[in-house]
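A lone chain, given as structure tokens: the form predicted on its own.
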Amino acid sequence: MKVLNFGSLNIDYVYKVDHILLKGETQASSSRNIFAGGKGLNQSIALGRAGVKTWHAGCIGEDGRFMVELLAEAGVDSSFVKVLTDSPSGHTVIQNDKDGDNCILLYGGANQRITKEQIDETLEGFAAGDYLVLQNEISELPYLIEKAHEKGLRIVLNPAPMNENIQKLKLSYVDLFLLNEVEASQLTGVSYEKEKELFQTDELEKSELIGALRRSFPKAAVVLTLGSAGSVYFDEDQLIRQGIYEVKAVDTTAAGDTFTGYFLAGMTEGLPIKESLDLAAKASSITVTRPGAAPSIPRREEVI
């Protein structure tokens, strides 16, 4: 069984600010740092540092070669990453405030240069039962999901960023969704705000949001992350909740990606769902105590 992450690779320009800028506001930043990032790369780094043999596929520009080196350091095979000579790598501009919260401006760059030919060539190396991990930061995602489903791959989707492109996907082909409360609300049209208090209780079976996800995707499993309320796993047969490990947050940029990578690590190792959720919660709690995206993701020995 193999794990292929076909996803984005970004250069993150992170600016430390007192508060997230308002419309028309100018503010001096106290620092600027440059990190490797992108939801795809972050999740591959998390998988690799968690000990999972992972292949990453995607595109970068000449300016992104250092990200290939970072993948290699995490034990991730980058032989399916193409270097384009006529496009810059994807990049982000991130504001990180004094409370550890952030906002992100994304430019797709080489991530939007994925072709059907590259997809076909990459999928030749994988077979039924292998995992395919996806986000929503690359081009040709509908084609990729279609072809992966034809081959019998187990499709894992983190539908972020949530936009109109998600509606173009055959979501019925997805085996596992990993999403936060905002993405879940956007996907189903059911407001999470009305259920905030409910998610602090043990009566989650009453949740309209969970019910809507189950009805929309009856054959899929879902991991729903809920910030301070922890996370919930559910499928058609069971519902399992997980609390958080409280820490002082410095930078939350890669917390969700760390959670995704470590949860999948537990799943691929055959751990019980509850143990996989706990492993992911521990890892993401470490990530938020450190600056940057990929550099903040812990190694397995730090988590256990």
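This structure is a prediction, so every number in the text was calculated from the model and none was measured. Quick note: we count residues from 1 along the sequence shown, nothing fancier.
The next section is about a form of this same protein that is not shown, the form predicted together with alpha-D-ribofuranose.
- Checked against alpha-D-ribofuranose in the predicted bound form, the candidates Leu171, Ile104, Leu84, Leu198 yield a single residue with a heavy atom inside 4.5 Å, and that residue is Ile104.
- Note on the partner interface in the predicted bound form: the residue among Ser78, Ser231, Gln95, Thr92 having a heavy atom within 4.5 angstroms of alpha-D-ribofuranose is Thr92.
- The stretch that touches alpha-D-ribofuranose in the predicted bound form, counting heavy atoms within 4.5 Å, is 248-256, out of 231-239, 248-256, 265-273, 54-62.
- By the criterion of a heavy atom within 4.5 Å, Ala293 is counted among the residues contacting alpha-D-ribofuranose in the predicted bound form.
- In the predicted bound form, at least one heavy atom of Glu137 sits within 4.5 Å of a heavy atom of alpha-D-ribofuranose.
- alpha-D-ribofuranose is not shown here, but in the predicted bound form it comes within 4.5 Å of a heavy atom of Gly38.
- The partner is not shown here, but in the predicted bound form the stretch 1-24 reaches within 4.5 angstroms of alpha-D-ribofuranose through a heavy atom at Asn10, Asp12.
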